[in-house]
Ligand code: ADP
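Single chain ahead, written as C-alpha cells, the form predicted on its own.
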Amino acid sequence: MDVWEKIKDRLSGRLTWESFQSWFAKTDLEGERGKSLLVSVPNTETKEWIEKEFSGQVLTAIQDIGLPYEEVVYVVAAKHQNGSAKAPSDAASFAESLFGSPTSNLNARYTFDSFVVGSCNQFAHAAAQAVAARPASSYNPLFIYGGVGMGKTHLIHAIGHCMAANFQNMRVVYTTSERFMNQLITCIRNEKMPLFHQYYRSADVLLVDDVHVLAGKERTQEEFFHTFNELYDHQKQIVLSSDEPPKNTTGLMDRLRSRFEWGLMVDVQAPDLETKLAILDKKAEAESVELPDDVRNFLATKSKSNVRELEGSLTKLVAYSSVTGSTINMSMAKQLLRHLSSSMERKVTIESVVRAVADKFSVQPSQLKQKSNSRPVAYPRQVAMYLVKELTESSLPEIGRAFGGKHHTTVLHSIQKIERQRHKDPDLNRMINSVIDSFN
C-alpha cells in the first residue's frame, strides 16, 4: 500500500461512501516532489472539486498518519487530458454513467473472511451469513442497526460479495441512501425515471446502507417505499443498515417504518476487549506487521468502542513505521496516539463518572452516594462503581469511600456483578460503552 492508498484508507473512514467513491476511488499516486505529493485524477472536474471541497480533510489525514507532506498536487491523468467524455446521448449510456454496474460499489476489503466475530456482533454475523446463503428464504428484510463504526457496512458488503460469488445469475445491487437520493434527483431532472425504476426494481437482491439518511426526505421515502414493495412482493431479498432501529428514527414514514420491521432486526454492539484484540490481530496480519503485545493492549484498552477508530489508530502506526523505517513500539504508540490516553486521563474522575451515570439513570448524583439500597439507586450505583474502576486508577477502598462509605468487598461484588451482566444484557453493554465514549 503506497502513501496515497494509506491516505485514501484514512479518508474512506471519514467520508461517506458516496463521496469517497465519487471523488477518490479512481485517484492514484503519481509521485513525489519535495514535500508535495503528486496525485493523478481522472478529469478536471474531479481535480477542481477535491481542491475546493476536500483539501482540508486530505491534509488532516496526512497529519493524522504522520506523513511529511505539506501539500497535494492533483494532476489530470494523461489519457484524460484531451477532454472528458461527452455527455451520454442515449438511455443505455446515461444509465451506465449514473448507476455503473450493480456490484461496482462493493468494497473488496469487506468480506466475511475479514470480519472479526465476537459476542458483540455474533447474532448479526450469523443472520448475515444465513441471508447470504439462502436469500429471501426467511429473514426478509434483514435490518442491521448499531452505532457509527461498529461494522454494519462491513456486513452488508460481505453479504453482497457472497451472493455475487455464489449466485451468479442473481442481480445484486448495493447502494447507500445518499446515492439512491442523488440518483433519484438526477433522473427526475433529466426525465429518466423509467431507467431509475428499471435499475432498482429489477434487482434480485437490494442492499441499502444508512437508511436513516432517508428521514425527513419525503419524496425519496415515497420512491423507496414503492421500490421496497415491488421487490418484497416478488420475493426478492432486501438488506438494510441504519445507525438506529426504525422506531427511533424520527422523520420516517410510518408505513416505511413498519415495513423495515417486517423481517429480522439485529443490532451490532460495541466490541468488548477480546474482540478489539482480535480485530487488531487480523488487521496487523493483513498489513504484514508485527504488533507488540503492549502496543496491542494499549490500542484496545484506550480506544473508543468504535471499530473504525481502532483500525484507524493501527493504520496510523503502520504508516508512520513504513515512512520512517522504525519498528512499532510503545513509545511510538504513545507519541502518535497521545489523544487516546491524554483526553481520558485529563477528564475522568470519580465525580465525572457519577454525574454521567446519574444522567443516564435520571437520578441525582448525590443519590448515588447515599446509603439507600433501593433498586432505583442501588443498581445505578453498582454501574457507577464498575465504571470508576474501568476508567480511573482508584482503588477499591477509595471507590467505597466515594459511594457513602461502602466496604471494599461490597465494591468488588458490585464490579463483578456488572461485569457479568454486561456480557448478557445488550442494553446495559450499550449504555456502558456510551458513557465510556463520552469521555473521549
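Nothing here was measured: the structure is a model prediction, and the numbers come from that model. Note that residue numbering begins at 1 and tracks the sequence as displayed.
Below, we turn to the form predicted together with this ligand, even though it does not appear here.
Student: Using the partner position in the predicted bound form, report whether Lys152 sits within 4.5 Å of this ligand, counting heavy atoms only.
Tutor: Output for Lys152 is yes: heavy atoms within 4.5 Å of this ligand.
Student: Applying a 4.5 Å heavy atom distance criterion, does Pro141 contact this ligand in the predicted bound form?
Tutor: Contact with this ligand, no.
Student: Is Gly263 close enough to this ligand in the predicted bound form to count, meaning some heavy atom within 4.5 Å?
Tutor: No, no contact at 4.5 Å.
Student: In the predicted bound form, does Ala128 come within 4.5 Å of this ligand, counting heavy atoms only?
Tutor: Taking the distances in the predicted bound form, the answer for Ala128 is no, it never comes within 4.5 Å of this ligand.
Student: Tell me the stretch among 348-356, 162-170, 307-315, 294-302 that has any heavy atom within 4.5 angstroms of this ligand in the predicted bound form.
Tutor: Selected range: 307-315.
Student: Looking at Arg257, His197, Lys192, Lys283, which is the one with a non-hydrogen atom within 4.5 Å of this ligand in the predicted bound form?
Tutor: When this ligand is considered in the predicted bound form, the option within 4.5 Å is Lys283.
Student: Of the options Phe225, Tyr110, Tyr320, Tyr232, which one has a non-hydrogen atom that comes within 4.5 Å of this ligand in the predicted bound form?
Tutor: Only one option qualifies, and that one is Tyr110.
Student: Using a 4.5 Å cut-off on heavy atoms, which residues of 122-148 contact this ligand in the predicted bound form?
Tutor: Contacting residues: Gly147, Val148.
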